[in-house]
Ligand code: NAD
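Just one chain is shown here, as C-alpha cells, and it is the form predicted alone.
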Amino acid sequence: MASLGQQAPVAGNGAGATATIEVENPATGELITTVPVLGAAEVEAMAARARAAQPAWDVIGFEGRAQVLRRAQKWMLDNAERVIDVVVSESGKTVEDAQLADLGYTVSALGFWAKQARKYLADERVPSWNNPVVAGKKLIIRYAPAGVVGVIGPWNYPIANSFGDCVPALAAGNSVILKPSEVTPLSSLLMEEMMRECGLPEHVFQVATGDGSTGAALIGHVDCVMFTGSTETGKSVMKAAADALIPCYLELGGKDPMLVLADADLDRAANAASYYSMNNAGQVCISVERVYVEEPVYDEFVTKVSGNISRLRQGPPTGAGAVDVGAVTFPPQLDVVQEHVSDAVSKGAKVLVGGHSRTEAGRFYAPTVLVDVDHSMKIMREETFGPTIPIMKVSDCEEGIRLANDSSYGLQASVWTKDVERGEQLARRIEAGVVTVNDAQMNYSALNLPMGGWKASGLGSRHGAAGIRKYTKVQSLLVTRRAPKREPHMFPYRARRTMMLRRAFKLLYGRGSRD
C-alpha cells in the first residue's frame, strides 16, 4: 500500500542528529513532538552495529527467531490501544483503519513469518538423476540472509508498510534498519521499543529517523533495500541501489481500476466501491481509484455509491466509531487531490458529492464522487491518493478492459460479476500484479499470496515465498560423495577420450536435437 514519496520540510540541513523534524497530528494541526534527523555519519555507524549483530541473530535459527516474533505478536495485542493511539495521532486516520491494517495486519504477519520462514527458506534438494553429467552428486539450494536490510517506509500505513516489511527480513536472519517516513516516525519508534522488550538482540532492529537524505545515506550501507512510495521516488531509490550494486525491491504507485459488469451484485459492488475508495481516506495504493461500469447498470450504481458516500462522517478521530473518513496525512497531498478534482471539473466532469477541502482545523478533503469523467483527466490517469471516486460509463466489458489497461500503472484491479468463471477470465486480461473478482484489497491479508505490481507499480513482491526470499542470498551447493581420482574430461587431453565424449553427447542429446 504505497504512499507518495515527496519529502516533508525539516528543521536544519539533515547533516547530523542536531536537526529535527516536527511531527504533527494531521487531524488537529497540533504538534506532537520532534524527532532527530540522522545524518550520513549516524547512519553509517548504525549500519556497522547492525552488521556486527547480524551473525548471532542468524545463528539462533528459525525457531529462536520465531520465539521473538511471537512475543512481539502478543505484545502488540496486549498493547493494542497504545499502538492504535500512536498511529492515529501521527496519521490522522480513523481508529478502525489503524486497527484493521497497522495493528491487525502486523499481528498476523508476525505469526505468519514466525511459522512459515523455515518452510520458505529450508534447503532445497535438486534432482541429479536426470543429468548424466552430475548424476549421483548432491545438489542443494540454500537461502542465506542478505546481511543488513534497509527498509524505507511510507506514511499512509506507518506500521503495516514500514515495520511490516521488516518482519520477514528479521525472520530470515537479517539485521534491519528502518527509515520511516518523516511524517509518521513515531509508530516505527514504538516498534523498536517493542522488539527490544521482546528480547530481540541489541542493534538487530534499528530505526533511523530523518528526511530524504537519511534514506539516501542508508542505501549506501545495506545489502538490499525495500522501498514503498511513489514511482518517481522509487526511480531515485533504484538508481542509488544500482550505484551501490545491491538488490532493490519497490512497491510503488497505483491507479487501480474497478470493472462492474451488468450482471454484478450491485449492492455489494457499490458498498465495496464506497469502502475501498474511501478507507484510510483513499490513501491506499490498492485503493479503488477509477471505476468503469457497463451502461445498463451505470445509473443505478452511481446512485447507490453517491448515497453511500454522502452519508460518510469525517473529522478528527476521537475514538472508535466516531468517524468514517480521517485526515489527509501528508500536507502536499491535499493540493494533489484538489488539483485532480479541479482538472476534472474544468474538462467536463460533474461532482455529485464533495469536491472540496474542509475548512476546520486539520487537513481534510470531503469524500468525493465524480461522473462524466474520461481519460483526458488527471483523476483517471494519475495517482490521486485521496478520498475520491470517479465513475465512468462503458458500453461493454471490452471497453472497460481496454480502459483499465490504459495506464502506466499495474498494481491491482477488480472485476465484479455474478459469473465468476467469466470474471476470472476477464481478470487474466487485466495488466496488474493482482486482480480480484467480486472483492478488493482482501488479497493483502492472504500472506501466502504474492502481492506486487506490474509496469510502473513496482519490482518484486510482498508475501509468499518471494516475499521472504528477496531478503536472502541464494547459494548453490554441489557435493560429490564418491568419484574416480581423474574424471574423463580432466587433463591430460587425449584424442580417444575427446571422441568418446563426443559420441556420448550424441547418444545423450541427439534425440532431443532431432525432435
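Owing to the predicted nature of the structure, the values given are computational and were not obtained by experimental measurement. We number the residues from 1 along the sequence you see.
In what follows, reference is made to the form predicted together with the named molecule, a form of this protein that is not presented.
Here is the short version: of Val148, Leu259, Leu411, Val288, the single residue with a heavy atom within 4.5 Å of the named molecule in the predicted bound form is Leu411. For the options Gly229, Gly92, Gly386, Gly400, the residue carrying a heavy atom within 4.5 angstroms of the named molecule in the predicted bound form is Gly229. Annotated contact segment (heavy atom within 4.5 Å of the named molecule in the predicted bound form): 251-259, selected among 372-380, 419-427, 295-303, 251-259. In the predicted bound form, Gly111 stays away from the named molecule, with no heavy atom inside 4.5 Å. Mapping the unseen interface onto this chain, Gly362 falls outside it, with no heavy atom inside 4.5 Å of the named molecule in the predicted bound form.
Taking the partner from the other structure, the named molecule in the predicted bound form has no heavy atom within 4.5 Å of any heavy atom of Gly355. Although the partner is absent here, Gly326 sits far enough away that none of its heavy atoms falls within 4.5 Å of the named molecule in the predicted bound form. At a distance of at most 4.5 angstroms from the named molecule in the predicted bound form, none of the three residues Leu69, Gly164 and Pro168 contributes a non-hydrogen atom. Shown without its partner, the chain has Lys179, Pro180, Ser181, Glu182 in segment 169-189 as residues with a non-hydrogen atom within 4.5 angstroms of the named molecule in the predicted bound form.
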